[in-house]
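Let's start with one chain on its own, the form predicted alone, as structure tokens.
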């Protein structure tokens, strides 16, 4: 029996505009960033599937047939193994059963931070499993399967995260959530991530906004419409490289997200500190309730990072044009 090792790497993302509204059929703009999830599959001589996320202290065993996870650890970190399990299951049913694997996951981004860690892990797992089993799934199939995995685990999810982890670059998701347009952005998007210690729960936050929409449709629907207008204006600002307009629109988008109830005092403090230190725009990125903010800093990046690091974790990110990649060692 020849054992092989496959490693796949998929980027995380930040949403520039349109989070939460995108779940309700509105457009969004997001970019892939150079913080990656690495998933390595190594063949075993038995049928056991062992999974490890060493950086998070998670180690356990996956049963694809019963779809169970036997491990200990913090709930959110262990929760990442649900995506690994479902992704392996999605590929396993296309292959002969009984293949044992050691699964090693390494993540270069904070978990539950709005940076798409679950999507990156899911896409990397699917790509690695596809290559390991010699299925060679195309990017379109990987992106589609990854979105289905996120839907199954979270209950509701936009395809934007899994699309960016698969393809990289900058994308605009159309209002009908059917057309994904790659935006030809050839200039730097100097962004700073500010990350809080409190972790948000995407599924719970998406559900809370849905319930608000059901309870107050005449209030919440206009907020979604305003977020759509901001996103459309931002698309033009990106294409025209209008830095001041881009920053202003980020600030407006943050206020609308605050109105949806997904802001926190810690996130708000970082948003305003970033602006005070020279960021042209700053806002929540992702679901909120904790997690991260982004600050657009074409000139004052060092000052913004230094100030945010007095409060929380902060680091720069770069646009990553390349999506998921894979290599095999036999």
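Note that the rigid core is defined as the largest set of C-alphas that superpose within 1.5 Å between two forms. Positions refer to the first chain, counted from 1. These numbers come from a predicted model, not from an experiment.
In what follows, reference is made to the form predicted together with another copy of the chain, a form of this protein that is not presented.
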Pick from 288-296, 270-278, 59-67, 45-53: which stretch has a heavy atom within 4.5 Å of another copy of the chain in the predicted bound form?
270-278
Students should find that, of 182, 212, 89, 133, the residue having a non-hydrogen atom no more than 4.5 angstroms from another copy of the chain in the predicted bound form is 212
Report the residue, out of 144, 226, 174, 199, that has at least one non-hydrogen atom within 4.5 angstroms of another copy of the chain in the predicted bound form.
226
Can you tell me if residue 239 lies within 4.5 angstroms of another copy of the chain in the predicted bound form, counting non-hydrogen atoms only?
no
Looking in the predicted bound form, any heavy atom of residue 233 within 4.5 Å of another copy of the chain?
yes
Counting only non-hydrogen atoms and a 4.5 angstroms cut-off, does residue 255 reach another copy of the chain in the predicted bound form?
yes
Can you work out whether residue 249 and another copy of the chain are in contact in the predicted bound form, taking contact to mean some heavy atom pair no more than 4.5 Å apart?
yes
Judged by heavy atom distances of 4.5 Å or less, which residues of 192-220 approach another copy of the chain in the predicted bound form?
212, 216, 218, 219, 220
Any chance the CA of residue 43 moves 2 angstroms or more between the shown form and the other one, core superposed?
no
Large Cα move at residue 191 between the shown form and the other one, threshold 2 Å, rigid core
no
Return yes or no for residue 260: a CA shift of at least 2 Å between the shown form and the other one, with the rigid core superposed?
yes
